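Taking the form predicted alone, here's one chain by itself in structure tokens.
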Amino acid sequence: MEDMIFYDRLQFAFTITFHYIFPQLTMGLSLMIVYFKWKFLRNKIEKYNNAAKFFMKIFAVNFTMGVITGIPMEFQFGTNWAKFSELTGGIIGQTLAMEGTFSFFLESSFLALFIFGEKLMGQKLHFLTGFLVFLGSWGSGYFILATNAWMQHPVGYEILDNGTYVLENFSALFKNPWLLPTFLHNQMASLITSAFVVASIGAFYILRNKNKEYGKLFLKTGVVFGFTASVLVAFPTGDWNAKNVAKYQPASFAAMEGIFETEPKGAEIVLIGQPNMVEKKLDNKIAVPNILSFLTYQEWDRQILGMDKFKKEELPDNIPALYYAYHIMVGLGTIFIGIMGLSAFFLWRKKLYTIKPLLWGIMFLVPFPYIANLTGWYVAELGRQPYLVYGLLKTSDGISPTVSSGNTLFTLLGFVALYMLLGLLFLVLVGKTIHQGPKPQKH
């Protein structure tokens, strides 16, 4: 049984990790494409229109890869996690169906119109199609996060005699106090990824002395969006999310902050430390007293429960992974504020385009927003363990007993090989698009 749970979780973790590489770019990039198109309508400068169409090409490749890698996850609900689907399908099926019916079709339909319909529709309708692509991509994120929010903090449900969960209050799904902060935090994090991608392409063009006009436009736009999103992802959205975890999942909060023992007055915030699960402490700890209590409750001496106050079965089952994922996410977020803040300062001083070390830094930092987004999701999912639905349904009770660990491992190896090929194809296609650059409109 333990092997089955391990391989089922490992397969889903791999497939969803690879899949989320793509939506985190499309959600943020769709907003930036709308911005470029809006700027073109406003001032009739052609480079903005070309920029919108250029990034829509990257968006389209990214969107296609997201669809391809998203399909296997849906099948896993019926194979590896059939019991979970049977028990909770009456609830999570609502939001997932809405995502597919409303948001996905909206996004995919108008994506084709944006790419191919500019001359036929005219510029205002072309802008509208781009806006609807943005609306669809953010709508998809909202409905999927509504599903996840119910798993993190279940509301509006009723349990039947056979153990099945059914929806008692439909509106409760969207009034869930977990949903809005998670959605806003996730969208700002996605915007950071997109901003770094746009800014890095601009830095690449400037450093190569190629397409410099577009390079300056992309760099400027990426820095402005990136700095704004980097601040917002920390405060208020990140702060809001952390307070939700402290309120609704206190055992997870203690684990991700590395609080092994409850302090009578005030909790310190840990900057550096390594969890020692044998001695139940943090090794080589560097911490600032009372700061965590103030950030969480705005009270310097407020007590925060440590892991010693919870039963073993209430604690996350991989505390070191949760702790490190959280601190990697927070650490990278702090770096993003610093880099984008410095870039915004030099942009304001009109010196950014000539500072090569900073341009190289922006270009080579591109993978790190992806890492920060993924570790952020690891925090959410590892923190919920050992539950699939927090406090209600254990992970061990949601797997399919008829799918062997050997079958799961075999298909996992197949996914690894296939996804590596898809990843290589994606890099080739996007690299080719960047190499060609934004082409001026032909008249």
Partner chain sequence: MTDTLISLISIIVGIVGTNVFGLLYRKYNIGLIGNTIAGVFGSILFIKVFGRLGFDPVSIMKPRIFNAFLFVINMIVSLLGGVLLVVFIKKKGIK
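All figures in this text were calculated on a predicted structure; none of them were measured in a lab. Residue numbers count along the first chain shown, from 1.
Beyond the structure shown, there is the form predicted in complex with its partner chain, which is absent from this document and is the topic of what follows.
- From the list 44 to 52, 23 to 31, 379 to 387, 64 to 72, the contact stretch for its partner chain in the predicted complex under a 4.5 Å heavy atom rule is 64 to 72.
- Taken together, the three residues 421, 425 and 433 all lie with some non-hydrogen atom within 4.5 angstroms of its partner chain in the predicted complex.
- Its partner chain in the predicted complex comes within 4.5 Å of a heavy atom belonging to residue 415.
- Its partner chain in the predicted complex comes within 4.5 Å of a heavy atom belonging to residue 402.
- Under a 4.5 angstroms non-hydrogen atom cutoff, its partner chain in the predicted complex has residue 429 among its neighbouring residues.
- The shortest heavy atom separation between residue 375 and its partner chain in the predicted complex exceeds 4.5 Å.
- Though its partner chain is absent from this view, in the predicted complex it lies within 4.5 Å of a heavy atom of just one residue from 303, 241, 228, 76, which is 76.
- Listed residues 343, 80, 88, 186 were compared with its partner chain in the predicted complex; 80 is the one with a heavy atom within 4.5 Å.
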